[in-house]
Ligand SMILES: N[C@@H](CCC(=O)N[C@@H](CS)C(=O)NCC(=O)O)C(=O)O
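Heads up, the chain below is alone and in the form predicted on its own; it's given as structure tokens.
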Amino acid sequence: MLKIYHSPGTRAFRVIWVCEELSVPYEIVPVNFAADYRATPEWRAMNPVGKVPVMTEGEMVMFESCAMMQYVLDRHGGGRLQPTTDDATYAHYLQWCWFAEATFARPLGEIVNHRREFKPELDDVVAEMKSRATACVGALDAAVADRPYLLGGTLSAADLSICYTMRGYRRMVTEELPANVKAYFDRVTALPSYERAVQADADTAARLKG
């Protein structure tokens, strides 16, 4: 069985969400997010840079959330939530999957890192990162102007990954979204699988507290 080593609010959420949408069995292993624990040899043996999440299946260990998502799709998805390589939408599927983390999430991560290191924060730096993230939302607003999902009429894992990052945007930049993106975000997060992923996140938090 897949084991997902998770701390509430971290990127394992997108992997959990994919598993829920595909009905793929998994087990969550709660991880203490304290910096001291993440610096221990025990955790660094799982993730050499001390971040969360990690996923295992048997002897396989991996520590990059988008790669985990793709692994689940390829090994357990049965062709669901992604187009085949000869499909006309395949290139854009790859584009939006990478965009979610490499482009959209990057400035949000920089805000988190900046606030961790600089007290008080440098307003101009944070404003620049918010501007970059907002430009990404503008690109998404145009992309879904004439379609319910990024690839057209069919939900894909790219939508789940993008909407995971959108959660961070709404938390760190603004809850106000352009009309097309708002309708898109509301549509994707209305999935029962999203509610189950949110509950799994909350249950993990409760287990760590208890």
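One-based numbering along the sequence shown. Predicted model only: the values in this text are computed from it and were never measured.
Omitted here: the form predicted together with the ligand. The next part is about that form.
**Q.** Contact of residue 156 with the ligand in the predicted complex (heavy atom, 4.5 Å)
**A.** Contact check for residue 156: no, nothing within 4.5 Å of the ligand in the predicted complex.
Q: Decide whether residue 64 counts as a contact residue for the ligand in the predicted complex under a heavy atom distance cut-off of 4.5 Å.
A: Heavy-atom contact with the ligand at 4.5 Å: present for residue 64.
Q: Would you please decide whether residue 38 lies within 4.5 angstroms of the ligand in the predicted complex, comparing each non-hydrogen atom pair?
A: Yes, residue 38 lies within 4.5 Å of the ligand in the predicted complex.
Q | Proximity of residue 116 to the ligand in the predicted complex, heavy atoms at 4.5 Å | A | Taking the distances in the predicted complex, the answer for residue 116 is yes, it comes within 4.5 Å of the ligand.
(Q) Since the partner isn't included here, can you check whether the ligand sits close to all of 10, 51 and 101 in the predicted complex (heavy atom within 4.5 Å for each)? (A) Contact check passed for all of 10, 51 and 101.
Q: Go through 176 to 184, 142 to 150, 22 to 30, 52 to 60 and give me the stretch that gets within 4.5 Å of the ligand in the predicted complex, heavy atoms only.
A: Of the options, only 52 to 60 has residues within 4.5 Å of the partner.
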